[in-house]
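Listed next as structure tokens is one chain, alone, in the form predicted on its own.
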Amino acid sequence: MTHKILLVEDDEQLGAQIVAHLSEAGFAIQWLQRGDLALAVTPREYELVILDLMLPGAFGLDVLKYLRSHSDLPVLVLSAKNDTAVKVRALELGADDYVTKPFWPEELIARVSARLRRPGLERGGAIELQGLRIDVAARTVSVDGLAVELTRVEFELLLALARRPNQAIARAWLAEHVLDPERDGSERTLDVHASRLRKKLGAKGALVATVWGVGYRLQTGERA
């Protein structure tokens, strides 16, 4: 199976190099050089996006916001900006990874492969990870075959983490997309739900790991 990747990068020389290396590695690449063109794409047509931040037409973080509002498509940010504030902001907006320029092509290929290696994901409408099964359509969860009763928020939190296994997902992003803003839209409330979720999952509760200063991660034991 050939994975289709969207590259959004305005540097012609670098973009051509990335396309060449990823194509040689067996990926199918579509390359856009403007942020505003990326705002018009249909996310479901791709399996991963490699996104520069400094783009003509629209800033990369705005493209990231657009992608996250429409899908859980993995997004790998590729940028010359290496200050912590920018990296944290990208993670808060839902980026799955952040690679600083310059970089080795082998590193980029490894990170792309890791983002696409989403273990046990959505087979027959269910996610299965380490004895944990989430039936997305039926909205049910089981641990080693035994049903676990979860609230709506607990289910949405677990599903959000399971769809991006081994990735640190920002607390702010989870609060915005999981909680009901009219009832319990605070990050502190999210922590309470995460604690209750761990208890209900029993021995598997340890899979819901806290990433200090960022948020949470569903730790499957495989390298991301």
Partner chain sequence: MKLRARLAIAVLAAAVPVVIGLGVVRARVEWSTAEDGLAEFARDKMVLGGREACENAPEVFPFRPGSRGPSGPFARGGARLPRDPLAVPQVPPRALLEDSPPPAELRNELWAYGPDFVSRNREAPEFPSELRAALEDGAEQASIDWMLPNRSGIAVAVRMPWTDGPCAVVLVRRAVVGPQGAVRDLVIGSAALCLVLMGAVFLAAGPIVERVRRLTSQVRDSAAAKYATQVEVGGDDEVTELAAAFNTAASEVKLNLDGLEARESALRRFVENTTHDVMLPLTVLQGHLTVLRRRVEAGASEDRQVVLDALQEAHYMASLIQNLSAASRLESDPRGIESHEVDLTALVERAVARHAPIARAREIALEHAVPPAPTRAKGDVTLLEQAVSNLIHNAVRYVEPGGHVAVVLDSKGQGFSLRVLDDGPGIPPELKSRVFERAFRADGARSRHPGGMGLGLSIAKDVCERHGFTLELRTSEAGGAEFEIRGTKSSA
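This structure is a prediction, so every number in the text was calculated from the model and none was measured. Heads up, when I say rigid core I mean the largest set of C-alphas that superpose within 1.5 Å between the two forms. Positions refer to the first chain, counted from 1.
From this point on, the text means the form predicted in complex with the partner chain, which you will not see here.
None of Leu179, Leu159, Ala172, Leu37 but one reaches within 4.5 angstroms of the partner chain in the model of the complex through a heavy atom, and that residue is Ala172. The three marked residues, Asp83, Val88 and Ala168, each reach the partner chain in the model of the complex, with a heavy atom inside 4.5 Å. Contact annotation for Asp144: none of its heavy atoms lies within 4.5 Å of the partner chain in the model of the complex. Among residues of the shown chain, Asp97 is one whose heavy atoms approach the partner chain to within 4.5 Å in the model of the complex.
A residue is said to contact a partner when one of its heavy atoms sits within 4.5 Å of a partner heavy atom; Ala110 meets this definition for the partner chain in the model of the complex. In the model of the complex, the partner chain sits within 4.5 Å of a heavy atom of Lys101.
Heavy atoms within 4.5 Å of the partner chain in the model of the complex map, among the stretches 145 to 153, 130 to 138, 101 to 109, 67 to 75, onto 101 to 109 alone. Core-aligned CA deviation for Val214 between the shown form and the other one: 2 Å or greater. In the core-superposed comparison between the shown form and the other one, the C-alpha atom of Leu174 has shifted by at least 2 angstroms. In the model of the complex, the CA atoms of Glu47 and Arg171 sit farther apart than in the displayed form, by at least 3 angstroms. The pair Val77 and Thr210 separates in the model of the complex: their C-alpha atoms are at least 3 Å more distant from each other than in the form depicted.
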